[in-house]
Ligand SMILES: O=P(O)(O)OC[C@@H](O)[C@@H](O)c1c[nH]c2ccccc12
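First, one chain by itself: the form predicted on its own, in structure tokens.
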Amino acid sequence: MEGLASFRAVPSFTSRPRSSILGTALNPRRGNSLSFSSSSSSIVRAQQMESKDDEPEPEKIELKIKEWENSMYHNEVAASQGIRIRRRPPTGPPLHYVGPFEFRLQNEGNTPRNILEEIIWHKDTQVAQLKERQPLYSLKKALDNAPPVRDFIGALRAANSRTGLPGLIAEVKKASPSRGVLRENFDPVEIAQAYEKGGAACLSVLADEKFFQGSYDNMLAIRDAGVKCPLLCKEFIIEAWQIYYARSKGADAILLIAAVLPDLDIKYMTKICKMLGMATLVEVHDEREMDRVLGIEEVEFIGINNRNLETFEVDIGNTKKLLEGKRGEEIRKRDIIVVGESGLFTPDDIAYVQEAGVKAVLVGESIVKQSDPEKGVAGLFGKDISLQSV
């Protein structure tokens, strides 16, 4: 596909990107070509006249190149494990260099292949910006002042033992990319309190702003309001920095998505969570992801998402399929808590996934859309599961 390029003058420096990774845009054997608008020459001339103060330092350019090369290697490792979600656009930044000019090739490589990849590309940029404003070392004081960690898995086990039904992780969720806004009159504290009163064992709080209209402020507000349910930070985690940040905001557990993270990242991040006292819910979508996750000794908490995060289609039969045979035997042997996620709207749905082997369920849409979320919890299970019902 013919590409489009934008140019900007940069200072000369001796180090150049390796052609094996960054020089592909210029290799004629690969079929890449460039086209320019009629105003390109004037833009280049104007940008060449920019003040030296506005030009990037060679050291910073070098660092960005190294970071990009590492991310390309990350993508190679991920692909070898069947991960189709790319961490960054392969023909995106850093910019390519030709003499005193830099350019970015624009083609199909800059276009996300599905909604999950779009979210991850945005998250990668967002996290980089947040880390610049608040480096990891500066989170230390915030961690010291964070509220004590609460036992997320213990709360689910207790609820399962008390009711004989899967423990409920009720999701405080305003919107989603597939459904749009789920609740217009959205008060996160009021919803969390209703969930807790209705019998939820834990809460999941959306932190992503762009795609789910969530925020870390919602999580802080819920904790400050005195809600006792442990909190899962529902975020797209791609770097360890996010775990420390979530803990500083009061999270008791985080979500790791196997469709996004290679095995080494899952191991590393799980160890960080244990060090911080947090639970780690590792989410899978298919047999290959389940086998990968079961191969990680540290994993003790698995979520099965019945929604295909590439197409957003839902099939609750996915939970049963992933818990059959040897996989189910190993899960029972290791006493791993399994959470059923997505597509759960009725008592029959809950009974189906419970029979398949789940000990907990994560539910958002079917109860957050109810005018009274507390009653929505009872409607989901077909009975009152609140503490008052015992």
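A residue's number is simply how far along the shown sequence it sits, counting from 1. Please read all numbers here as calculations on a predicted model, not as lab measurements.
This next part talks about the form predicted in complex with the ligand, which is not shown.
Participant: Taking the pose of the ligand in the model of the complex and superimposing the site C-alphas, would you call this form open or blocked (blocked if 3 or more ligand atoms are within 2.4 Å of a backbone or C-beta atom)?
Facilitator: After C-alpha superposition the pocket is open.
Participant: Given that the partner is absent here, state which listed stretch (128-136, 192-200, 253-261, 287-295) has heavy atoms within 4.5 Å of the ligand in the model of the complex.
Facilitator: Every other range fails; the passing one is 253-261.
Participant: Given the ligand in the model of the complex, answer whether the residues 212, 236 and 307 all have a heavy atom inside 4.5 Å of it.
Facilitator: Affirmative, all three are within 4.5 Å.
Participant: Considering non-hydrogen atoms and a 4.5 Å limit, does the ligand approach residue 173 in the model of the complex?
Facilitator: Within the cut-off, so yes.
Participant: How about residue 362: is it within 4.5 Å of the ligand in the model of the complex, going by heavy atoms?
Facilitator: Taking the distances in the model of the complex, the answer for residue 362 is yes, it comes within 4.5 Å of the ligand.
Participant: Is the gap between residue 343 and the ligand in the model of the complex 4.5 Å or less for some heavy atom pair?
Facilitator: Judged by the heavy-atom cut-off of 4.5 Å, residue 343 is in contact with the ligand in the model of the complex.
Participant: Can you list, in sequence order, the residues from 261-290 that come within 4.5 Å of the ligand in the model of the complex, counting heavy atoms only?
Facilitator: Counting only heavy atoms within 4.5 Å of the ligand in the model of the complex, the single contacting residue of 261-290 is 283.
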